[in-house]
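Given as structure tokens, the chain that follows is alone and in the form predicted alone.
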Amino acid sequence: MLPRIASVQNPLRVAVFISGSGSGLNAMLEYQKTPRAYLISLILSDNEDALGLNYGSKYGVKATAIPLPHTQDKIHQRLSHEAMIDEELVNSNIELIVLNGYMRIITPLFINKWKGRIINIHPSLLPKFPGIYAHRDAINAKTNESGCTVHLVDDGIDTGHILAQKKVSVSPNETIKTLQEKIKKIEHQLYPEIINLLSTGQYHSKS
């Protein structure tokens, strides 16, 4: 189930999940300064010290941290944490979840509830180089191109349906840091555009 078809007059209410600085979040907020079919209505983090929460006051968006509850039972901890997150989403009338540097693995239970309404951006041309070491893996493979992928989230690791991709070249002397910065620039361009297209009932399939 994909989100409803929205419009500039009735934009889709979006929550952005972050764990750190939120540079990609800033790009989305800048993009929506021109009226779009989506509106970031909630910034949510598992980390109370996440610098990206500061964008809430800058842009007039509700920003909240929901840290993990203190309990020894790890399964109960995860489920309780996600229950608190889900309650916040429902109370904020959220229609689409956008993961942007969110470092927690989401349980299948939560994903199934929000299936088709959670998206992520990954720094490789999926299905190549899934997981957290995408830049390192791309360099080690001596590939001549990499990029980023916007995809729906399922209960696999970077296996959801691909909405869009954007490529960059990988030079022979590329480092993890230079490739990361190169891809981050195109992520900041692509992600807001695809969120807007998804909100209007359109999305790009894998090319």
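Keep in mind that what you see is a predicted model, and the values were worked out from it rather than measured. Quick note: we count residues from 1 along the sequence shown, nothing fancier.
There is another form of the same protein, the form predicted together with glycinamide ribonucleotide (GAR); it is not shown, and what comes next is about it.
Peer 1: Tell me, yes or no, whether residue 103 is in contact with glycinamide ribonucleotide (GAR) in the predicted bound form, where a contact means a heavy atom of each within 4.5 Å.
Peer 2: Residue-level check for residue 103: yes, a contact with glycinamide ribonucleotide (GAR).
Peer 1: Test of understanding: in the predicted bound form, would residue 121 fall inside 4.5 Å of glycinamide ribonucleotide (GAR) by heavy atoms?
Peer 2: Because a heavy atom of residue 121 falls inside 4.5 Å of glycinamide ribonucleotide (GAR) in the predicted bound form, the answer is yes.
Peer 1: How about residue 184: is it within 4.5 Å of glycinamide ribonucleotide (GAR) in the predicted bound form, going by heavy atoms?
Peer 2: Because a heavy atom of residue 184 falls inside 4.5 Å of glycinamide ribonucleotide (GAR) in the predicted bound form, the answer is yes.
Peer 1: Does glycinamide ribonucleotide (GAR) come within 4.5 Å of any heavy atom of residue 24 in the predicted bound form?
Peer 2: Because a heavy atom of residue 24 falls inside 4.5 Å of glycinamide ribonucleotide (GAR) in the predicted bound form, the answer is yes.
Peer 1: Out of 72-80, 86-94, 109-117, 122-130, where are the residues with a heavy atom within 4.5 Å of glycinamide ribonucleotide (GAR) in the predicted bound form?
Peer 2: Checking each option against the 4.5 Å cut-off leaves 122-130.
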